[in-house]
Structure formats: C-alpha cells, structure tokens
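Before any questions on how it binds or moves, here is one chain, the form predicted on its own, in structure tokens.
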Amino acid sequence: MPEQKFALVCGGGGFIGSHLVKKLKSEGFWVRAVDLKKPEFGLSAADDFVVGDLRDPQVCQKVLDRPFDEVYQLAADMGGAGYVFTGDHDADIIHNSAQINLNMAYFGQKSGIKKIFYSSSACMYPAFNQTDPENPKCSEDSAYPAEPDSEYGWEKLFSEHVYLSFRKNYGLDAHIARFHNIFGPEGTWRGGREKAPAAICRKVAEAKDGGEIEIWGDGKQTRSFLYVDECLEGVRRLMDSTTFFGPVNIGSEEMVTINQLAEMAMEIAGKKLTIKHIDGPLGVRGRNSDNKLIKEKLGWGPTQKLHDGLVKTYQWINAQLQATK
C-alpha cells in the first residue's frame, strides 16, 4: 500500500477549493480544508475543515501543524467584475489577499511543508497588451513591464514574487499558475461577486422567453473560460512536476465575446432573448489564455469545449434558481 499523503487546501470552502478537495480525496489524500466559511452548496469532502481567517498568523500556525506533502493556496478576497473593477474594494482586496500569502509563505516554510501551489491570475498581465479584443497577448513572458488593470491583479503579481522569493532564499517548493476565468457548478451565481458565465446563466434562467437580459458594455469584449475539472487537472500536473514550477497559464484558448457567451447560454436554455447593453465595470478589452508553455512543459491542454461546460453550469444554476422559488 502506498504511504498516506496529507494535503491542505486554503480557500477550501470556495468554488475551486471545494472541487479540489473532492479531487484530492478521490486520489487518496487525507485533506484538511481551511476557509472563512464552509462550502455554500454542499458538505465539504475534507477529512478536517477548519473555519478560520488566514490573515491571522495564529490560524496559519494552527492549520500548519504538520509538514504537509502538498499545500494549495487558493484563498483570496476576490469576485467578478462587479466586485473587482468598481474600485470600491481595492484596499480590502490588496490587503486581505497579500496578508494571506505573506502568512502562508512564511509559516509554510517554517513548518516544513513539502510543496505549495499558489493560484495567481491572468489579471496580473499588462492592460496595454489587452486592448485589442481580437489579439490579446497573455503569454507568460509578456508579464513585464507590469501594468495590471486592477489592484486584484497587482496583488497577484506581488504574491507571485513572495513565493518565488521564498523558493530562491528558503527552498520552498512553490508552484505557480495563472488562472483564466474558471467556471462551473457550485460557484457563486448571484450577490455581486459572481463571474461572467454564472451571471449570464442566471440572467438567462431568470428571463422569460422573448424578454431581455442586460450585459455590461457593448458585449464585444473577449475572454476565454475554463471548466473547473480541466483547471484541476492542470493544477495537479503542475504539482506533480519535478522540473517545471511556473508561473504558467492554466486556461482555455477558445476565445469568445461576451455577446457570444450570452447567445450560447440562450441556446442551451432554448430561449430567444434580446441583449440590452448598459454601462458597467468591464476590465480589459480582450483576454485569452496562451497555452504554448504549459503544452511544452507539461503536455497539457484542455479538451472540453466551452459549450459543454456551460451546459452543466446553466443546468446547475437553473436548478438553484428553481429551488429558491
């Protein structure tokens, strides 16, 4: 029998974190999760769930009471465009997330963890490379000179350097990936922190056939979206690598406009709706994952079409909506 491995998932009550806990359990890990709150849409699969604030050094020391084989640092103050790009939450976003990462790097290294994963974001790429919706540049080597379009992106960039510095000076085995718009069931779908796929699926599900939905901007801004199961496969491959540690993109290269995303959701729902474009926070004009490096280093690329993941996401959100009526 292989020796039991122990994993810690920080942010294990969140969308990606709760899915990651399930994946690690399916692979035979003993898993501890820590978060401000437990998962919103079901029970955690973790062996041990600690409700705690990782901004607090004492909480970090408490959960790092053993030299974990693998630590996954997903905890962050985050949300969709309606949270990140209004400017109303900049101080909280940059302070809260940076404090978590400073704590986890410092106390993780002190506790002798074997390796740690840090979830950075495509939001750290320069805004000046993402002005053309048809040709955004998000290759890993385009990160500098730096000019993220939000404090969320600046914090992600700073925290990458925290982990890289601890790797260089203390031998902390840090692996870093830049996520590109991860989506799927069991994610936030209302309340202001939801991201575009969930928000659009909710709007389509709520609308009556022949009605309209609102989209921020002209809808011609581009993005790519990666289904959560695909994301976790990329993360696990990166963590298993002994020769490549990132930073590296984990995302899809299937770029769509937000209008196209809305039309896809309408088709899945079987509804004919009108799109009403309104003012709202937008972020960069275009963004798409560049997967050349991850294909070269890890032989990985997503295999699922956006439509397939959106079907699962729409069905789940529609079921949630029906259950609240």
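Not measured: the values here are computed from a predicted model. Numbers for residues come from their place in the sequence shown, where the first is 1.
Here the subject shifts to the form predicted in complex with a small molecule, a form of this protein not shown in this document.
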Would you please decide whether Lys37 lies within 4.5 angstroms of the small molecule in the predicted complex, comparing each non-hydrogen atom pair? yes
Report whether the minimum heavy atom distance between Glu267 and the small molecule in the predicted complex is within 4.5 Å. no
Closest heavy atom of Tyr125 to the small molecule in the predicted complex, within 4.5 Å or not? no
Against the small molecule in the predicted complex, would His89 count as a contact residue? Criterion: heavy atoms within 4.5 Å. no
Partner contact check in the predicted complex: of 134-142, 165-173, 116-124, 213-221, the stretch with a heavy atom within 4.5 Å of the small molecule is 116-124
Only one of Ala105, Met255, Met78, Ala98 gets a heavy atom within 4.5 Å of the small molecule in the predicted complex. Which one? Met78
Heavy atom within 4.5 Å of the small molecule in the predicted complex: which of Gln130, Asn181, Gln109, Ser150 fits that? Just give me the one. Asn181
Answer yes or no: in the predicted complex, does the small molecule come within 4.5 Å of a heavy atom in every one of Gly13, Gly17 and Arg55? yes
